[in-house]
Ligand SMILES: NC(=O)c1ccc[n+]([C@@H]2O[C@H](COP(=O)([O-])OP(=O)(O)OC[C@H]3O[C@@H](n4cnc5c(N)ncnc54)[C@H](O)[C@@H]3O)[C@@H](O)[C@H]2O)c1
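One chain comes next, on its own, written out as structure tokens in the form predicted on its own.
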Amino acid sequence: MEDQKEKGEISRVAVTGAAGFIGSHTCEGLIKAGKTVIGIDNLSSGKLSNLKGIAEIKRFSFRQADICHKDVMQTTLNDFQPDAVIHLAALVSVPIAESNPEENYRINVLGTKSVAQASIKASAKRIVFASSAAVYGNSDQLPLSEASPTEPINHYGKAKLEAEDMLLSLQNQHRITSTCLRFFNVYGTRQDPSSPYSGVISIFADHCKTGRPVTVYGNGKQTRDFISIRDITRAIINSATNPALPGGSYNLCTGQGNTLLELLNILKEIHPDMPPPIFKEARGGDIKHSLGNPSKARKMLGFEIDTNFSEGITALQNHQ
């Protein structure tokens, strides 16, 4: 193991939030890439069933643990000795973060600090952090680039930005590369539509499939930069396992904005008998328009989009 570390090879990867939507796809991708993986999750929102495809593989192990428990995190990473740590565990619901800002801070800031400190002490070389487009706030200067002002309008975005700043500061103080990936609106299989953490696509798709009307908060003209889990997973794994890639903050997005009305039109083509949507007042803390510029990630990380939006939605519906 020490010889591998000296050569710069990334062969052992720890993943927090491993039983969640993005985490389970990431663990599968790492196993397919030949890596040895430990998944860490407290199962508060993740499900062990998401990992059933790799549960019996010898190169994969699972530890039920809370990232906020510093001693447990340190012991876990010391025992595993990861070359890289992918930190996906988080409280990811904007409404819950707004109603419980203390819990949001505990998990998304202090929990990230716990993971980072344990990673450094375990001699990990790289840490990849799941940040969010929420760090930009409700900017009208679209598309958003990494040089755009970061003015989050909710507690969730503020916590993600504070965690980014902390990780990039640690990168300058210690021999660890910190990569903060600002996810835009991710969709794909295993995104639980019944969960308050879920994205609008999985909720809409589930309602259409079961013949229930969807609820649109606002007029439906709000835009999102929707990105497939397949593209997100490739970027995460590459950022963690390619020792030549630089740290920093990067948008993970398509550079294409779609309205919720456009999403409904695609679903209407798939489900012609779906009932009309129900429109309600916009929710506080929700961003009206979000569109990212993926140029920096493309240039520095070699990130490319492979999944067309309409094709991605159709594939998701067919999979369910």
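The first residue of the shown sequence is 1; numbering continues from there. In this text, all values refer to a predicted model and were calculated from it rather than measured experimentally.
Here the subject shifts to the form predicted together with the named molecule, a form of this protein not shown in this document.
- The closest heavy atom approach of residue 131 to the named molecule in the predicted complex falls within 4.5 Å.
- Not displayed here, the named molecule is kept clear of residue 85 by more than 4.5 Å at the level of heavy atoms in the predicted complex.
- For residue 161, no non-hydrogen atom is located within 4.5 Å of the named molecule in the predicted complex, even though that partner is not displayed.
- Of the heavy atoms in residue 253, none are within 4.5 Å of the named molecule in the predicted complex.
- Contact with the named molecule in the predicted complex, judged as any non-hydrogen atom within 4.5 angstroms, is confined among 216 to 224, 117 to 125, 89 to 97, 169 to 177 to 89 to 97.
- The partner is absent here; in the predicted complex, the one residue of 258, 36, 290, 42 having a heavy atom within 4.5 Å of the named molecule is 42.
- For the candidate set 77, 144, 240, 186, a heavy atom within 4.5 Å of the named molecule in the predicted complex is found for exactly one residue, namely 186.
- Shown here without the named molecule, the chain has no residue in 223 to 256 lying with a heavy atom within 4.5 Å of that partner in the predicted complex.
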